[in-house]
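In the form predicted on its own, a lone chain appears below as structure tokens.
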């Protein structure tokens, strides 16, 4: 199967077999990278990276990924682009497509990414929007497979805000056959249409996606426990209000005991320690958070190689 030229806007648009292809290549590239092997799969090719949101992992992992694949990456600040001064997205998209072989964008509105992809005839990769974070979810399931050896019969519990990370996690898990249980405060559940789409695209027809307000129920018998910040970028003014509503959803050692004894702990970072997760948990023996962060690099290398190669 060829993924060349395919956009990665949301995992809704990617099949189970395509996701497995990414994971298999990511694992291969990671192993060979550790052995000192170089993969010039994108030699002579350039990725443009548009950032309208701050970033640590996304920028560095994409830049290093392109370098390790033999290509180049350009950091494009919207204030340095005419797009930041009112140029229509469709004009920016068509011009960039004449210069580049791929575009990665990290922004607020998902509709901006869709418009960019509509007009650019090169692959567009969603580095994060307010609705989806597909690259993170690919790294998540890659990490789970590394630690658990596969996906069959696994359960992932997610605590906190039903946000972009939760949306993409639900879709990724459904498409590789993992059960998901989310515990969210009332009013902060994931979008119903995302849950419905995930149920429709399940690899395993009997796999479950449940949403509850009870953290203990969600964590029961979980193989992996995931949490994220309670107030994402752009929601800073809600921080104090969210602290009150989410305080019972903190991932601490007492709550972690509800999961299986060998459950791994996941967090997409950055973490607000002693808010959504305690320092004891994120630094504990069950934490796979740094493996997860590293796997952003390897999962994205696989995506880049497949869609730009």
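This one's a predicted model, so the numbers in the text were calculated from it and none came from an experiment. Positions refer to the first chain, counted from 1.
There is another form of this protein, the form predicted together with a small molecule, and it is not shown here; the text below is about that form.
Listed residues 243, 41, 64, 269 were compared with the small molecule in the predicted bound form; 269 is the one with a heavy atom within 4.5 Å. By the criterion of a heavy atom within 4.5 Å, residue 175 is excluded from the residues contacting the small molecule in the predicted bound form. Using a 4.5 angstroms limit between non-hydrogen atoms, residue 58 touches the small molecule in the predicted bound form. Among residues of the shown chain, residue 168 is not one whose heavy atoms approach the small molecule to within 4.5 Å in the predicted bound form. Contact between residue 145 and the small molecule in the predicted bound form is not found at the 4.5 Å heavy atom cutoff. Of the candidate stretches 69-77, 183-191, 215-223, 128-136, only 128-136 has residues with heavy atoms within 4.5 Å of the small molecule in the predicted bound form.
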